[in-house]
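Form predicted on its own, single chain, as structure tokens, below.
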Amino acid sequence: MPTTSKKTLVYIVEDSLSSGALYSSQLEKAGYETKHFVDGYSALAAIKEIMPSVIIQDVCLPDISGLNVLQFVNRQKSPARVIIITSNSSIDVAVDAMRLGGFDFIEKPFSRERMITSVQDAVKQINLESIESKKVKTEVLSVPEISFIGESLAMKTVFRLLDSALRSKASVFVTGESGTGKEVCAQYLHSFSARKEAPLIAINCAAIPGELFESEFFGHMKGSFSGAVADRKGAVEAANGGTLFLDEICEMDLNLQAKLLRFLQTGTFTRVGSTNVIQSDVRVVCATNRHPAAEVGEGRFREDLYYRLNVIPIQLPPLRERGDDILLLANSILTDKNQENEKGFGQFSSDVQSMFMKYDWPGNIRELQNIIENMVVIHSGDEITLDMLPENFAQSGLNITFQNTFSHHRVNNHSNNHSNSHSNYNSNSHLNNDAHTEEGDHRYEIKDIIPMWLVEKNAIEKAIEICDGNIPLAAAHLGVSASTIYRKIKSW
């Protein structure tokens, strides 16, 4: 502990004398040693002399910004955990403070329990790092979850954000397509935090009927509604001291969003059918495969809740954008599935590797897992070969592209031929004019075959032209993702 006292030292930086005195009194009754400062410069001078364990700091100070104090603290060798005090009007500033390394933020007015819980969490995190730092570092490097294997720049960014989030109690908002590993992020944040001994409770906001959602979330009392035959804890209460993972958060009803926001602000809630106020200390991690900012713009997601949850945003990249990570993941999954099924596959053939790298992976890591498990379970041998791939593999993506591109080519090819500057494809006009002849009038030859890349290129360019340069719109009509089109344009 970076203190000179047996008690945990907490600095309070609050320009209100009465508020600061109240916080000091409450914390001292809870067993902490406190010092109160009414301006930022006084606090900085004291921090230089003795670094406390925790700092409770108002954002708005009379001399300097609370963010300046936070940044100074985080530049020191053994920084304190900084808890930000804010009002509703400065919530955006508090969110910025969390992104600069703040541990938690609490909104005025807050209860004694809310403040003390936050301080306790900060001390827990300090103890975890000081006692188990070497052990945690070793475990982080050997995380068994395959979704965290990766050397791409996008995944290194994800790793860095996750590791920085471990030092905070701030809410984490994970976005990404289905199958990219959003739930694994929640597992990681829980398993390597001071909360790892408490429960990790996951709740899928898309899988619970609207009329039962509040009960699942906050619990209910016996007889509060038809079917409530006994008192029942909800997810928030069950996760007390641990982590609450809210998957598909954008599916949550607006009414419940308001109640969730109130819980996040106060740390308290009531069960359905009860008036008793219950305290619960949870770290919230939420996830969605939608674009949350767009949901806010459409009025389907509360803006204030979005800012409260989106303190540490983490964007998981789709598998198709992770380059060589695809093969790293595939080999790791193969090893895992070999062990589960007592098989001895040692590698993928070069053809299979090539197909894996070219495939679009609409189901991301989950799809990769399923395909490899299918091959390992059904087949035996030393090497995964092309003939072992599931029959429908790649067809869902390739057929859509082929059907759209080929139909565009046949309809538009006659006019395209006049503008095509590639003379070595002029001989294809016999095939192109087939649209104007009856079947059987023309005998196809090798020269009539149009390379697939050119068919695809012409179709994509035509779609973009029709959509006035709007690539996402063109992608939607072609039945592929916009990132696929961007990648193909880059390759051309």
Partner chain sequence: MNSLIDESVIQNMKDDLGKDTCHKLIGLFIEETRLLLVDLEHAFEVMDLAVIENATHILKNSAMLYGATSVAINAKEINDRLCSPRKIINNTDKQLLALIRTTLKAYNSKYNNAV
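Positions refer to the first chain, counted from 1. In this text, the rigid core denotes the largest set of C-alpha atoms whose superposition between the two forms falls within 1.5 Å. Keep in mind that this is a model prediction, so the values were computed, not measured.
One more form of this protein exists, namely the form predicted in complex with the partner chain; it is left out here, but the text below deals with it.
Considering the partner chain in the predicted bound form, the lone stretch of 26-34, 450-458, 47-55, 63-71 in range is 26-34 [heavy atom distance within 4.5 Å]. Scanning Gly227, Pro109, Gly346, Pro390 against the partner chain in the predicted bound form with a 4.5 Å heavy atom cut-off leaves one residue, Pro109. In terms of contact with the partner chain in the predicted bound form, the residue from Ser87, Asn240, Asn127, Asn341 that brings a heavy atom within 4.5 Å is Ser87. Heavy atoms of Asn470 never reach within 4.5 Å of the partner chain in the predicted bound form, leaving it off the interface. Residues are counted as partner-facing when one of their heavy atoms sits within 4.5 Å of the partner chain in the predicted bound form; in 9-32 these are Glu14, Asp15, Ser16, Leu17, Ser18, Ser19, Ala21, Leu22, Tyr23, Ser25, Gln26, Lys29, in sequence order. Put the two forms on the same core and the Cα of Cys60 is off by 2 Å or more between this form and the one not shown.
Here Ala46 does not count as shifted, since its C-alpha moves by less than 2 Å between this form and the one not shown after the core is aligned.
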